[in-house]
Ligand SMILES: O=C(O)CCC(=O)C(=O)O
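Coming up is one lone chain in structure tokens, specifically the form predicted alone.
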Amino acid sequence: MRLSEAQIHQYREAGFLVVSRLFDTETALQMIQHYMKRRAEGPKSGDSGGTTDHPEDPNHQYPRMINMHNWDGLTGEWAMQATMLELVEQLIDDKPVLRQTMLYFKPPGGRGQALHQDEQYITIDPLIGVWIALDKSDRSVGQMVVVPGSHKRGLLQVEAADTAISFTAVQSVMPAGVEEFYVDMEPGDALFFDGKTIHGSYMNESNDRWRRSFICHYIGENAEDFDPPQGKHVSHLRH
């Protein structure tokens, strides 16, 4: 699949791009069924329900899974889907290497994740995230939020987040004058975003809807590690 010049331009300028139906609805449903089954099996390495100061958060009953490709064959197949790799390669101008996989469940009432940059966690550049909606994603369920153009501002300072609404305790210091953009997505749609694009989500305020998502992070074959300046990595706030 070849991206148009307009799509590549949008990614370069805005720091994100939505590709509709990267996975068909049947595959999105298969993912839901598969990961709900794997979740029911019990704890997995790296599970995270978020900060413990809000034990009522249903994310604790359905914690985020990470790096499932290390122990789950289907995850590896989905993460290495040919079309997705082709799109990543066009956006980062480098051969993609899988760095991380995650599955967020976000049940009704679940906290979101404070707005952040992925390179405030993963100090490798280039880095690209691919967020696949498995359920219909809109404002009611705490859809993905991005800040257009924020990737051009470099790595930003971190500060404490409000854990009443975020299952993580760290967020980016928001630059003055920027605006949040709320991304509506259907099952199987993919959001590609730069490692420095500010993104995150708010609470799932619905009573009966989930917002499950399959996330992959890729680096370039020629990507380089970097040392984040003081105050610009999540670990700097924790110590």
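No experiment lies behind these values; they were computed from the predicted model shown. Just count from 1 along the sequence shown to find any residue number.
Here the subject shifts to the form predicted in complex with the ligand, a form of this protein not shown in this document.
Between the ligand and the residues 79, 124, 161, 102, the one pair within 4.5 Å by heavy atoms in the model of the complex involves 102.
Taking a 4.5 Å heavy atom cutoff to the ligand in the model of the complex, the contact residue among 138, 135, 118, 72 is 118.
With respect to the ligand in the model of the complex, the three residues 16, 196 and 219 uniformly fall beyond 4.5 angstroms at the level of their nearest heavy atom.
Partner proximity in the model of the complex, defined as non-hydrogen atoms within 4.5 angstroms of the ligand, places exactly one of 196-204, 33-41, 49-57, 170-178 at the interface: 196-204. In the model of the complex, the ligand lies within 4.5 Å of some heavy atom of residue 144. Taking non-hydrogen atoms only, residue 215 approaches the ligand to within 4.5 angstroms in the model of the complex. For residue 64, a non-hydrogen atom is located within 4.5 Å of the ligand in the model of the complex, even though that partner is not displayed.
In the model of the complex, the ligand sits within 4.5 Å of a heavy atom of residue 113.
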